[in-house]
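A lone chain, given as structure tokens: the form predicted on its own.
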Amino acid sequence: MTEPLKVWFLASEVAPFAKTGGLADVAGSLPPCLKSLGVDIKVGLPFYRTVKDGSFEIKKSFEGLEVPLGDTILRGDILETSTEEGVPVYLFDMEDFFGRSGLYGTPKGDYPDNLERFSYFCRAALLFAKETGLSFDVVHCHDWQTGLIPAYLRTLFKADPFFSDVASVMTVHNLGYQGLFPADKLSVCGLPATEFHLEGIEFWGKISLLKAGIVYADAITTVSPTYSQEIQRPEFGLGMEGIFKKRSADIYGILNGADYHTWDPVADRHINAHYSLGNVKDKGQCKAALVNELGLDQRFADRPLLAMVSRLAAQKGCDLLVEIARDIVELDAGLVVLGAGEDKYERFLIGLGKKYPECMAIRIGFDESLAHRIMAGADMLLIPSRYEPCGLTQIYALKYGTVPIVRATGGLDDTIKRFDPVSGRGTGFKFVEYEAEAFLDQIKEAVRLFEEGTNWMKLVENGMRSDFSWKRSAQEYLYVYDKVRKTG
């Protein structure tokens, strides 16, 4: 009988244990799906305060693991819990590093010792596996926080028999976060000084933990097919396009799946009325309730209601939204914004909300429950991103019968098909050029279609029929695992 594939799945955040963004959603949803396909998978992440304060059943797994860090030896414990689906989850405890309110920093900026924190996590994850005999065929790493692991396997642990047959896969969720640190802190990582060069972990005179993962991993994946091509071009590569181009034969673009257990209007506990493809009319109850909750004029229960649920940052196209916000008012459309981010966008939107309280509702911060009610109550979701590795909100929007208006980049381009009124095919609206006028044109087209009514319901139903569940994506990860295991 063939032994099941063994995977050590390591990430800096995993839902529902610790989350700041989409990485946690992927790390929380993919392992259970892989388990259902027969993979022997185990997950590891730091034991943050948020995990400690959560209502998870946790037990001690290993005490006093000795982990070298620079010229010192740290001793930490490893605890164990599991997902609802029974995937084992190991939590790496080091109170001085992870017993803080934030995962990566405070509102004022990143923690100054992030190199120490995640160097510890990477090395501890490998040493724990060896100490406990937790053997695996593939270690799957995610973003810069785990980028040292492929480098360790190729250097510090290269001659260790325990790791001789281990292959590594590195997933780049967002190239905008590169894990950059001063070169004089190389000793913290524990890597030989000989690895600090152009073909190694050096990036413009600094250490890049993301580059370490990209250079040393056996395979690289991105979170959408289009993004895997975009990062090999100067306009999206952020200085690393040459590195990706050199490794193009080892790059795989695998679209993120959606967590339909959490995001489904049939059973969503956050929304005012449940509805489905066969009962879309009840979405109107969600819209009416949202209009009341946010204090908008009652006419927006029938007029187009646009929404943006996002980080308020340049990457997310907030400058385009700011430029056309008053044009949306002139279309007699409502606008709801939920998010937090750059101060200049927050201040502008707050001011706009005060000026047009009857048609604009601006909520600064993040409210998970409200995000669900907005998704169910809005008619259109705006995602004008400058770049978007994958994006999940547009996928959730489709399920909720909320029509996405997106820029054709990364995963947005892969998931949304432009609606054709003649054929009746398509799921949303797209624009290519990163320009406010192009964005506004698509909003106007969507509003016209909404007002005409004839094709709007067809468009809504097309989206609700879309299926972006994890099973297909998980099969693609299995292919990558199998390929590196055979050749690694």
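On a predicted model such as this, the values are computed, not experimentally measured, just so you know. For every residue, the number given is its place in the sequence shown, counted from 1.
Absent from the display: the form predicted together with ligand ADP. The rest refers to it.
The stretch from 233-241, 339-347, 116-124, 209-217 that comes within 4.5 Å of ligand ADP in the model of the complex, counting heavy atoms only, is 339-347.
Proximity of residue 368 to ligand ADP in the model of the complex: non-hydrogen atoms within 4.5 Å are present.
Contact annotation: residue 392 falls within 4.5 Å of ligand ADP in the model of the complex, judged by heavy atom distances.
Shown alone here, residue 360 lies farther than 4.5 Å from ligand ADP in the model of the complex, counting heavy atoms only. Under a 4.5 angstroms non-hydrogen atom cutoff, ligand ADP in the model of the complex has residue 310 among its neighbouring residues. Though ligand ADP is absent from this view, in the model of the complex it lies within 4.5 Å of a heavy atom of just one residue from 155, 285, 315, 83, which is 315. Among 396, 97, 300, 203, the residue placing a heavy atom within 4.5 Å of ligand ADP in the model of the complex is 396. Contacts to ligand ADP in the model of the complex (heavy atom within 4.5 Å) from stretch 197-216: none.
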